[in-house]
Structures are given as C-alpha cells and as structure tokens.
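First, one chain by itself in structure tokens, the form predicted alone.
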C-alpha cells in the first residue's frame, strides 16, 4: 500500500492541503456563509433505529481527528481547498480499497463565491492524478445527486463516465437520496486528468498562469 500522506497538491491558484485544527475558524465561516447553498447536498445522519443510540454530528475537532486517523490508516485523503491563499472548500478521497479493487471515491464542496472559476475541476483533477500516479489506485468514483447540477458539471467537464443510478444511496438533507455514479479508470486518462482539463478548458494554453502542470510536495 502506497498512500502518500500528508501531501500538498497545487496548480496555479488552486491548492489542496491537509485539513488542520487551526482551519476551524475559516472553515466554519465559509460553511456558515454557504449554509443554504450546501444544505441540499450535504450528508446527514439518519434517525436511530427504535431503541438504538442517537448519533450526533461531530464537532470540527472531532471531524479532523477522525480524518487524520483514517488518513494515517491509508483509508482516506482529507484536503481543504485554497484559492489564491484563501480557504474555499473541502475535498476528501474516501473509501480507499486495495486488493483486487484498488479504488476510491471523491467528495467535495466549494464556496459559492468562487464557483464557476474552474476551482473545483482543478481540485478534483489534482486529487485524481495523485491517486492514480502516486497512491496507485486504479479507479475513482464520484457519486452525485441527479439534481445537483453544479457538481455534475464538474465531472462532465473532466470527462468522467456516467455509469448509472444508485437508488437511495446516501442520507442527504434528511432523507435517503438517489445518486448518479461517475467513474474513471487510470487507463482512460494516460495523459493525466489535469492535462485533460487544461486542454479542454476555454482560453487555456500551456505556460499561461493557472495552467501549469500540477505539483505535489510531501510533508515530512
């Protein structure tokens, strides 16, 4: 197993770096401003079974401790997204599975103020390239509610393949919701997903700001 962690991934103005305890104030502020925009797409905790224990949403510190523990165990890669030096969202590669599968899935959210600037496709491309080229995964998935048009645009721009519907897949916004499955395997992007994105992005050209090849730096 070769999960390189912690690591910083960067391309132009977009940076993925490990989430930290000191991100709490900025993370909460971005999340608060985007509450109404994010609520329809955020995972929620289903009601407990009759007689079962109630489960509460974790605090920020509990979330970070859990993500760090899972990252150290090689099961997850938790990032915050920075754009021009400001925290604007979160991206997590979760469900990392080895053996005969070698796969993971990507979940993300971003500040509405920077939506439409190519931040999220760049972040997803950076994460997927890292998983394929450094971590050694073979397949990456993104599962999205059919109604979530902005998130669907991200994977469509990157050329993810739509595979079908998973009925009542996740508990979102208070109910079990259907999700569409989008996927890529490493053979489908031999040039790298970031390169594909730069080639497809309107107005991009090699050597211009924000279109340089992504770089990764391992944190010791």
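Numbering follows the first chain given and starts at 1. Treat the numbers as computed from the prediction; the structure is a model and nothing was measured.
Although not depicted, the form predicted together with a small molecule is the subject of the following passage.
When contacts are judged by a 4.5 Å heavy atom cut-off, residue 133 does not count as touching the small molecule in the predicted bound form. Remark: residue 148 counts among the residues lining the small molecule in the predicted bound form, judged by a heavy atom distance of 4.5 Å or less. Interface residue remark: residue 105 is not counted as part of the site for the small molecule in the predicted bound form, having no heavy atom within 4.5 Å. Using a 4.5 angstroms threshold between heavy atoms, residue 94 stays clear of the small molecule in the predicted bound form. Note that among 117-125, 68-76, 95-103, 133-141, the stretch whose heavy atoms approach the small molecule to within 4.5 Å in the predicted bound form is 117-125. Proximity to the small molecule in the predicted bound form, defined as a heavy atom within 4.5 Å, singles out one entry of 181, 63, 186, 38, which is 38.
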